[in-house]
Structure formats: structure tokens, C-alpha cells
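Presented as C-alpha cells, the chain that follows is alone, the form predicted alone.
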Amino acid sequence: MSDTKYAYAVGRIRSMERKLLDKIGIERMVHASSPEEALKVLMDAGYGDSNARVSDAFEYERILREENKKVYKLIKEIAPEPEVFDLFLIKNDYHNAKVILKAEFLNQDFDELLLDTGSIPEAKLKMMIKERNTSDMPVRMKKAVEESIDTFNRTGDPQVIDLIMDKACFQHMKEMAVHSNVKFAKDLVEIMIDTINIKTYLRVKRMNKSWDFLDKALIPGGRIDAKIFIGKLEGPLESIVDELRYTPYGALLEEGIESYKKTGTLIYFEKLCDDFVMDFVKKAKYIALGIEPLIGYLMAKENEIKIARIIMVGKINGMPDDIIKERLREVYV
């Protein structure tokens, strides 16, 4: 499809970009005197119902979920090729499948964790899994659900669900990105896979797991060959930095591993990975016509919602402002 057919959609998105929370708005949230005041900043930025004033800070999660749903609805309405955006919706389907499976295996109710922004209605997905009627699922998801059920029945370990479903999710996203023939989407998914694999490598190394475990956890389809991670599992952390120093991930690894060695946690490294992805997404701001600005805005809003959630959780739990700021992601605007 000619990029000119995106003229109207891009015009709408450029208008919406001006309403994104900038660094000043985020600073106002962080330094708000109370969780309620922080939530008010969000409401003033267009979150929630403009006709209803929310006074309970614990309503923040509902408001963030509604905003996420609103963003997907907008994109699907204005995009000339709305089916392309299913590759971003399916990650919510996989999230829901994980929640449903764990609820069944652990005999608990996790319905409050289900997302209503997937490509499959959560009630329908729940019924499919409950009745083991997966014939209408995408093939990749069907195989992952069946493998999760079989593996849990043999091992009794619910953690295997995350490994199986996450790997299938990003393989599915990569397949859809390639099929869409949108280079920006394909590049984005590959970068996401690489950053996830780097984090997986560090977690596996910290847990002293075997190379076989790492091999099962790594997601194929990124730009870094999985063999590199497996080959560096036994060596010092610096060895992976040396191996990838002259790739786009060199500086990310160097700074992230230095932080990990000092703190013993991957919190800051996860922030750096999110910022790395956002740096790529920001390229969409400089593309005049095409699907890229729509993808950029969608990712920008998801990032903004993540930032808002970090702040609200921090304010509700009485976390110092400087600690909250350390965990915040880079903004799109």
C-alpha cells in the first residue's frame, strides 16, 4: 500500500503525540505530594473519563488499562492496514493464555490479571483452554498451549509456562512482522528479541543453570546468534561484553553489567533495555508518511503507561522520589 494512504492516519497521530506526557509532566507525577496528586496529573493528561474525577489512587490500574485499550482502538480505526497491528496485540493473547493456564494448574483465580486488549477475547480464550478446544487458535499459540499443558503435567513446574509461552509469543510476532513486509516492524521485533535474550542470559547465569536450560529459554529470530550466549555461559560476565562490544548492544551491555555487579539486581539493566528499544522506536518521529509513526505512537503510549504504573506503585508504597526516578524509562517525546 502506498505510504500516501497513511496521510490521514499520520496526521491524527501527530496531533495525539502532542498530548503525550513529556519529561515535565512525568516530573510532576514523581514529585507529587501524594498518590492522589500523581493520579491527577494523569487525569489532566487525558487519562480516564474527563467527566469523572477519581479520588482513589488505587483506581490507577483500571485507568491505565482503559487507556491502553483506547490506544489500540484508535490505531485499529485509523490504520489503512489494521491487521498489521495484530502482531502487537498477540503478546496480550499470550499473556492471557499464561494467566489462564497458571490459574488452572494452581487452582486459583487470576481473572484480574487478564487483559482485554488481545486479538482473542479473553472469555473466548479462557473457554478454549478450559475445554481443550484449541482448533481455532493460531497454530503457533496452539502448539505452545498444548506443550505447556503436557510439560506441566510431567514436571509440576508452573515456571515452564513462561518459558514456553514467551518463546512462542516472540516467534509468532517475528513471523507476523516478516509477513507484514514492514521493515520497521521486523527490525523492532528483532531488537526486542535480542534484549530479552540478553536479559535471559544474565538471569540464567545468575541462577547457575546449565547451557541446556539456557538453550531452551533463548528465543530464536533475533540478530544475535544464540550460540554466542551459550558459548559464554561458563566464562566471566566480561566475556559477553567483549563478544558484543562492537555490535549496537555493546554500550548497553557494558553499562548494564557494571550496574548489575554493583547492585546484584537487573532492575537498572531492564530499564536500559527498554530505553534501547525506545531509541529505535523514536526513529518513527522523523518519517513523514507510512505505518512507522503509528507503530511509534503505539509503543510510545505503552511506554508511557509503564512509566505511569512505576510512579503510581512507587507513590502508593511511599518510595523516595529519587528511587522512583531511577526506574523510569526514556520518553518518546
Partner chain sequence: MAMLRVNPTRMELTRLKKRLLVARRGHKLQKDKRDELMKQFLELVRKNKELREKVEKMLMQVHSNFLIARAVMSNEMLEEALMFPKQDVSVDVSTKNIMSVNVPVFDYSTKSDDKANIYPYGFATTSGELDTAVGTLAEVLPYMLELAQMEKSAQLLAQEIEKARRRVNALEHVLIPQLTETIKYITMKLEENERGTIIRLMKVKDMMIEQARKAAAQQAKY
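Residue numbers count along the first chain shown, from 1. These numbers were taken from a predicted model, which means no experiment stands behind them. Only the largest set of C-alpha atoms that superpose within 1.5 Å between the two forms is called the rigid core.
Unshown form predicted together with the partner chain; subsequent notes refer to it.
Although the partner chain is omitted here, in the model of the complex none of 185, 227 and 280 has a heavy atom within 4.5 Å of it. Out of the listed residues 27, 270, 37, 66, 270 is the one that sits within 4.5 Å of the partner chain in the model of the complex by at least one heavy atom. A heavy atom within 4.5 Å of the partner chain in the model of the complex is found for exactly one of 133, 181, 159, 153: 159. Partner contact region in the model of the complex: 213-221, out of 238-246, 213-221, 142-150, 172-180, criterion any non-hydrogen atom within 4.5 Å of the partner chain.
Taking non-hydrogen atoms only, residue 166 approaches the partner chain to within 4.5 angstroms in the model of the complex. Contact annotation for residue 233: none of its heavy atoms lies within 4.5 Å of the partner chain in the model of the complex. Within 4.5 Å of any heavy atom of the partner chain in the model of the complex lies no heavy atom of residue 119. Interface residue remark: residue 325 is not counted as part of the site for the partner chain in the model of the complex, having no heavy atom within 4.5 Å. Residues from 281-316 that approach the partner chain in the model of the complex with a non-hydrogen atom closer than or equal to 4.5 Å are 306, 309, 310, 313, in the order they occur in the chain.
Once the cores line up, the CA of residue 113 ends up 2 angstroms or more apart between this form and the one not shown.
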